[in-house]
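Shown here is one chain on its own, the form predicted on its own, set out as structure tokens.
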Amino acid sequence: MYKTCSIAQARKLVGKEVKVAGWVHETRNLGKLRFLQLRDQTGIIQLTAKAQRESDEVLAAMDLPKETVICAEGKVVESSIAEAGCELIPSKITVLNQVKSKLPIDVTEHVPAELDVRLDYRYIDLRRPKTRAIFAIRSRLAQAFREKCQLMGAIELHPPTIVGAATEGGAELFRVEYFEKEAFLVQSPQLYKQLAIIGGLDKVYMTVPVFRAEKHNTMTHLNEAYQMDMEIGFADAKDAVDALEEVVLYVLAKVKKECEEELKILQRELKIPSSIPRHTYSFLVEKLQSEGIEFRWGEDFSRAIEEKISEILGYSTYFILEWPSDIRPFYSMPDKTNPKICHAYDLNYEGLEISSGAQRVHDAEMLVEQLRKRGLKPADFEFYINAFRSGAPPHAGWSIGLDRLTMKVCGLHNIREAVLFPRDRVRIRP
């Protein structure tokens, strides 16, 4: 057994003998007094050795190179000097693996590393407390999403990632070889969520990767992203927005409560609104125009425009409802009285769009018409359209971008920091 407890657990075992394992984080040699900081996933503990008290073998091990992998046995004692309020007096230190090359990243962060270097050597970057904090928070966000969906009575699904037709118009596709057939990596699980609702599953959710072959070069886009989706049967746009607000506020509250240490490491004060304001697209366009900003109704909001909207409103978390039909996917339900508007919605969190959705078209003939308007071939969607001819209930849904939500919750400036091994137009390794 390499360890009997984690470092975080060891800190609570003052007076006990423990065995912990991890990486040498820092060392300090004051001659007769030597210090070694040992780090694992849960934190850091200080080892303290005195020349007249510890053996020569232990004293020698206290000078091991940084990032050497070791296990240490000894007694946890109180300390007024150590940051954790306790320290480990080692009786034995065993080297499990030595560092055999110069590390390109300083895990202690005394010497900063560029993001590209950190991503090239992500397996070392993950040892940084800040990077570990990011992925602990991301994990909790995903867990809290699943928890809330289950509490809301939703069933988890696992749709395919290889599809035979585009699931949305407008976005470029990654083509893949699939025996003798043409196939693509999925742009969205949208169609499969809807088929599940038609099948009688009233409420479903999923966490899935999606792929878009768009040549982005921004701080907020990737070519492989993770979505957290929900679809609700016998529901309209308002029902879906209500559910989205409930889920988002729940997951934010969970992270604030359960990731205090990680948020502290990231120097992040997470503010959670009691509710999220709702505005129509047309209202926001009028606001922009009243401030002298040139913007035409029917255009999509750019990042710069979204920043302007936040400035005008005085807050940066809000819903945008009732979008122009022409700039939303074909399956968005047009308004009965004004077909130029559809019942689609976005959620901007701290100035960034993190979620998008719509009430869906559930009439087969209307779907055919919508597809033709966008230059798509109904024949390519025959399996999908036919499903709506078998009795499809009204339904609505949405997806949350897990990468973007993590980015904003952690206060990051580049979405690549929020993804373990990001895929963009140039990065396909490691």
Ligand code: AMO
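Start at 1 with the first residue shown and count on from there. No experiment lies behind these values; they were computed from the predicted model shown.
The protein also exists as the form predicted together with this ligand; that form is not presented, and the subsequent description refers to it.
So which of 188, 317, 325, 131 reaches within 4.5 angstroms of this ligand in the predicted bound form, heavy atom to heavy atom? By the 4.5 Å heavy-atom cutoff, the listed residue in contact is 188.
- Tell me, out of 34, 362, 39, 404, which residue has a non-hydrogen atom within 4.5 angstroms of this ligand in the predicted bound form. Among 34, 362, 39, 404, a heavy atom within 4.5 Å of this ligand in the predicted bound form occurs only for 404.
message = Please determine whether each residue of 221, 358 and 398 possesses a non-hydrogen atom within 4.5 angstroms of this ligand in the predicted bound form.
response = Judged in the predicted bound form, 221, 358 and 398 all sit within 4.5 Å of this ligand.
Q.
Considering non-hydrogen atoms and a 4.5 Å limit, does this ligand approach residue 207 in the predicted bound form?
A. No.
Using the partner position in the predicted bound form, report whether residue 343 sits within 4.5 Å of this ligand, counting heavy atoms only.
-> Close contact is absent here: in the predicted bound form, residue 343 is far from this ligand, nothing within 4.5 Å, heavy atoms only.
task: Although this ligand is absent from this view, report whether residue 138 comes within 4.5 Å of it in the predicted bound form, heavy atoms only.
output: Outside the cut-off, so no.
State yes or no: in the predicted bound form, is some non-hydrogen atom of residue 353 no more than 4.5 angstroms from a non-hydrogen atom of this ligand? It does: once this ligand is placed as it appears in the predicted bound form, residue 353 has a heavy atom within 4.5 Å of it.
So if I measure heavy atom distances to this ligand in the predicted bound form, which of the stretches 317-325, 145-153, 93-101, 226-234 falls within 4.5 Å? Looking at the other structure, the answer is 226-234.
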